[in-house]
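Read the single chain below, which is given as structure tokens and is the form predicted alone.
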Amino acid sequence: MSPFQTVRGMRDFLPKEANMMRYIESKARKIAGLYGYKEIITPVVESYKLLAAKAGEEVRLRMYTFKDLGGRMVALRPEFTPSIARLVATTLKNEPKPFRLFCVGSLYRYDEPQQGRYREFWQSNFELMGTQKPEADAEILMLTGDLMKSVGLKNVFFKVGHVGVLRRIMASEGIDEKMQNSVMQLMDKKQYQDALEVIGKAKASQKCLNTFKRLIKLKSGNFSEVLKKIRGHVKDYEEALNAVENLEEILTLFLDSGCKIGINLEASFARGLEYYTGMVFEAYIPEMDIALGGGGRYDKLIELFGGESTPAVGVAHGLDRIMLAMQKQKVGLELKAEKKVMIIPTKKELKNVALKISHILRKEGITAEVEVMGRKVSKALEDADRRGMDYAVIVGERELKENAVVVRDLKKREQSTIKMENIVNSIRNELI
């Protein structure tokens, strides 16, 4: 690899893409504000032990890990949740609950680069901590739907499941947590036959195997029908039945809120991270088969890091994946139109006046660039046109004697001589 290329799986965002990313980020920040989530900033580098504790084998194998100069094993964060759990277990442990916390930034996993999957990727993350109530889960679904709609995406739908159903069936069969994790990892990869073999090796009953086989087949956009069927399949497992009731309550609350997002319920849906204990979900659009975001309930992670029992639910949204989805659906950015001005001195002796005018315009919130290439006026005007400027302010000797400049409307191809004190008003109110 040439030392002058990006490292594989990393990307440069050129101005157009960077603008789109920041636009999506600004929408995530607005949603955070509307829902009362407070922003926190956590380190990119964390203790390997912290990040690996409940990440799941797949994530553990793909972390960027290294020893620092003090000999400590550290890693680049592959997700936000462990860092936030650490914070809640320590610094914030005496603060009143619930916590509504928001963060945004870059994350790192050594995945095979492909469309929508990179080794450096960007997420906005929302965590609601301190309550087991189903309305908290419904809120996480609501804010995800609101974010997707706020950036202009259409036909968004959620794939939803409840890992509590599967885990509680296995627990009642005496399958330990480590074995459960293996099964859930395989279910996440849709390697269902392998998952069933692991359950069989764990000496689970035939009833358990048959129940899993039936659940694997259950998926539909009619979630009431699927819930009814799941309830019938797990009726002999009381704890699993409680998980079904919990999921029904969450989805009913979500739909009663007025959010119009399609729900595809999958009885065997699992996500790769080991810490999930309840409802899990991912957001999709029909044009892409990769999730734009996902999350769920995790009620035991804070305890793992030495904190008191703190039930929690959260979601991470892939900002670069949302950008890809917007490009697929040809969604334009709803940006406030701002006037952009190029200031062109006709002689090098007038550069100081050009800079002074740029300063005046910027103080009034108008984007201003000074021509710094020493081009002749005709070439400078061509360049301003090419850059999408709205106006050109031409600073000439003759006009300056009258304390004036020429202001050219580059869209209308019209120009006027304007007094210096009237430049801002002329541009802002299009009086050229």
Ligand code: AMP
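Note that residue numbering begins at 1 and tracks the sequence as displayed. Source: prediction; values computed, not measured.
The same protein also has a form predicted together with adenosine monophosphate, omitted here; what follows describes it.
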property: Interface membership of residue 134, adenosine monophosphate in the model of the complex, 4.5 Å heavy atom rule; result: no
property: Exercise: residue 202 in contact with adenosine monophosphate in the model of the complex, heavy atom 4.5 Å; result: no
property: Touches adenosine monophosphate in the model of the complex: residue 149 (any heavy atom, 4.5 Å); result: no
property: Partner proximity in the model of the complex: residue 77 to adenosine monophosphate, non-hydrogen atom cutoff 4.5 Å; result: no
property: Candidate stretches 249-257, 232-240, 118-126, 208-216 - the one whose heavy atoms come within 4.5 Å of adenosine monophosphate in the model of the complex; result: 118-126
property: Heavy atom distance at most 4.5 Å to adenosine monophosphate in the model of the complex, all of 273, 294 and 316; result: yes
property: 225, 334, 111, 245 - the one with a heavy atom within 4.5 Å of adenosine monophosphate in the model of the complex; result: 111
